[in-house]
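Let's start with one chain on its own, the form predicted alone, as structure tokens.
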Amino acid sequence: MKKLSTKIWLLVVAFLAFTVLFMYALTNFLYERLYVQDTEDAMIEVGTKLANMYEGGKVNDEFVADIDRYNIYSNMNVFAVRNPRELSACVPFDIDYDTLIGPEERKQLVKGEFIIKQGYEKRFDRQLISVVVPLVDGERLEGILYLYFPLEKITELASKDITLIAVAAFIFLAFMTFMTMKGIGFIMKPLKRLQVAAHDMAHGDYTTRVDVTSKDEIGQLSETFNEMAAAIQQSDEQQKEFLANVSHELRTPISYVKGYSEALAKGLIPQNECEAKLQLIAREAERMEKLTTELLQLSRAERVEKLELMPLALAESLREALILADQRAHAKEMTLTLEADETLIVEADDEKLKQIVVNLIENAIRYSEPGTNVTVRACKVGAMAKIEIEDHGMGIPVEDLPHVAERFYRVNKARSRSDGGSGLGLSIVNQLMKAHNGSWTIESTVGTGTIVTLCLPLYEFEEE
């Protein structure tokens, strides 16, 4: 695969080649338009003025002599002849009369029109331009004026300055080559830094960054690379932290189950304590089962890109979610209350919506005192349905609110894992709300309680 520098060099060479061809074509165009055309116009002007000296009748010797005298001082050659066939005796090169003045050309001359010819002449080794001016009396061609001029070659025009042009061209090419090399090196420098940084990142160094030295496309690419590197580094750190948390969460119940089951198998525990230890083993096994279930739910929620959303009666879905959480509330002697607008139709996934609400209600129950109430409200706010889940529990400190959706984050670090959650419930809620194109917020006061607010899009009915 070709390097970028090679491609740039090829592009520069292609532009230079195009420039040379363009300048060659332009030079030839200017040569024809400025030099050849100007010479032709000058010859026609001279021929016209000399022809105006002709007074009609036979071309006399005095007119021919006048033309000969003008020829001495002119930079172009002019001859006056009575019979065009005599022209070959006047000019210093061979003329094919029939080619110069054929039947069509003779008609032009009789009408008073000029004849312009251009061709190569061996004697002069250059192009020759000639103009034939008719001397007409009435409808009779009495003679002609023949003007010719050997055109200089384009190289002869520039011969006086050819050395200067060659030196200037060489200096220009050397300067352009030097500037091109410097320019390519300047362009490639940040790209090479990007290449080195990408290589380091591919080998596991996620702390690598590149210096942003410009605001152009390469500078923007460098900024994007740094943002990507920071995101990958953060993701890697979160993954390591996540694995460490999972290992830590599972290690405790596994050690309990392993230790007490071995002790029971070996008869090391008194008979009167066996039942309590078996209950402990069952409780820890249940905690492991719940943790693995929540991990599976979180994994699925993070992989969900787009749910199959459909119109749902919000009040009915909330009512079913309360039924699912009622047993846990009853065990803690708490009550669940629903205050919902029965007309609300949301665009949501029924199973995932109930999972969101159940997770939030269970959180409210877990961190509330026995005998209190959890209230679920639902109302319309613009094009959204607002769901509030309010409890009267211990509340969340302000400094902890931004982190509650992080995996395995616990507000009260001192609480044991037996009386606290796994720290995954709100992470699942966060992922599922994103999949529903919704939003959620938490307002909490320590010692008073917490209100979690969910906003889901209302279903838009098609107008008939």
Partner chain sequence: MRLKLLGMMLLASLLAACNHSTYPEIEQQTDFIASVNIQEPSLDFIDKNGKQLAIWPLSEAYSGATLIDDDRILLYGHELDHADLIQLSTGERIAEINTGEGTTNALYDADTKLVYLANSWTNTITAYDIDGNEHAKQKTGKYPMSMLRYEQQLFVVNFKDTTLSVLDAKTLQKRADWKIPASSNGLLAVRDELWIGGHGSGSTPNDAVVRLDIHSGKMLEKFKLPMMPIAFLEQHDEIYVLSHGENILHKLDVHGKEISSEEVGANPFALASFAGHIVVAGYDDHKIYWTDGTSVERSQTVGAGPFQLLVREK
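Positions refer to the first chain, counted from 1. Predicted model only: the values in this text are computed from it and were never measured. Heads up, when I say rigid core I mean the largest set of C-alphas that superpose within 1.5 Å between the two forms.
The same protein has a further form, the form predicted together with the partner chain, not shown here; the description that follows concerns it.
Novice: Though the partner chain is not shown, can you say which of 371, 119, 382, 92 has a heavy atom within 4.5 Å of it in the predicted bound form?
Specialist: Result of the distance check: 92.
Novice: Heavy atom within 4.5 Å of the partner chain in the predicted bound form: which of 184, 110, 345, 324?
Specialist: When the partner chain is considered in the predicted bound form, the option within 4.5 Å is 110.
Novice: Tell me, please, which stretch of 349-357, 83-91, 220-228, 384-392 lies within 4.5 angstroms of the partner chain in the predicted bound form when heavy atoms are compared?
Specialist: This holds for exactly one stretch, 83-91.
Novice: Candidate spot 193, 200 and 237, all three in 4.5 Å heavy atom range of the partner chain in the predicted bound form?
Specialist: The answer is no; none of 193, 200 and 237 reaches the partner chain.
Novice: Would you please decide whether residue 289 lies within 4.5 angstroms of the partner chain in the predicted bound form, comparing each non-hydrogen atom pair?
Specialist: No - in the predicted bound form, heavy atoms of residue 289 and the partner chain never come within 4.5 Å of each other.
Novice: Heavy atom to heavy atom, is residue 189 within 4.5 Å of the partner chain in the predicted bound form?
Specialist: Output for residue 189 is no: heavy atoms all beyond 4.5 Å of the partner chain.
Novice: I'd like to know if residue 124 sits close to the partner chain in the predicted bound form, meaning any non-hydrogen atom pair within 4.5 angstroms.
Specialist: No, no contact at 4.5 Å.
Novice: Just to confirm, residue 275 within 4.5 Å of the partner chain in the predicted bound form by heavy atoms?
Specialist: Close contact is absent here: in the predicted bound form, residue 275 is far from the partner chain, nothing within 4.5 Å, heavy atoms only.
Novice: Taking the partner chain as it sits in the predicted bound form, which residues of 107-143 have a non-hydrogen atom within 4.5 Å of it? Please list them.
Specialist: Going through 107-143 in order - heavy atoms within 4.5 Å of the partner chain in the predicted bound form - the hits are 107, 110, 139, 140, 142.
Novice: Is the shift of residue 206 between the shown form and the other one large enough to count as movement, that is, does its C-alpha move by 2 Å or more after the core is superposed?
Specialist: No; that C-alpha moves by less than 2 Å between the shown form and the other one.
Novice: Using a superposition on the rigid core, decide whether the Cα position of residue 341 changes by 2 angstroms or more between the shown form and the other one.
Specialist: Result for residue 341: no, shift under 2 Å.
Novice: After core superposition, I'd like to know whether residue 330 moves between the shown form and the other one (criterion: C-alpha shift of 2 angstroms or more).
Specialist: After core superposition, the C-alpha of residue 330 moves less than 2 Å between the shown form and the other one.
Novice: Once you compare with this form, do the C-alpha atoms of residue 123 and residue 116 lie closer or farther in the predicted bound form, given a change of 3 Å or more?
Specialist: Closer in the predicted bound form, by 3 Å or more.
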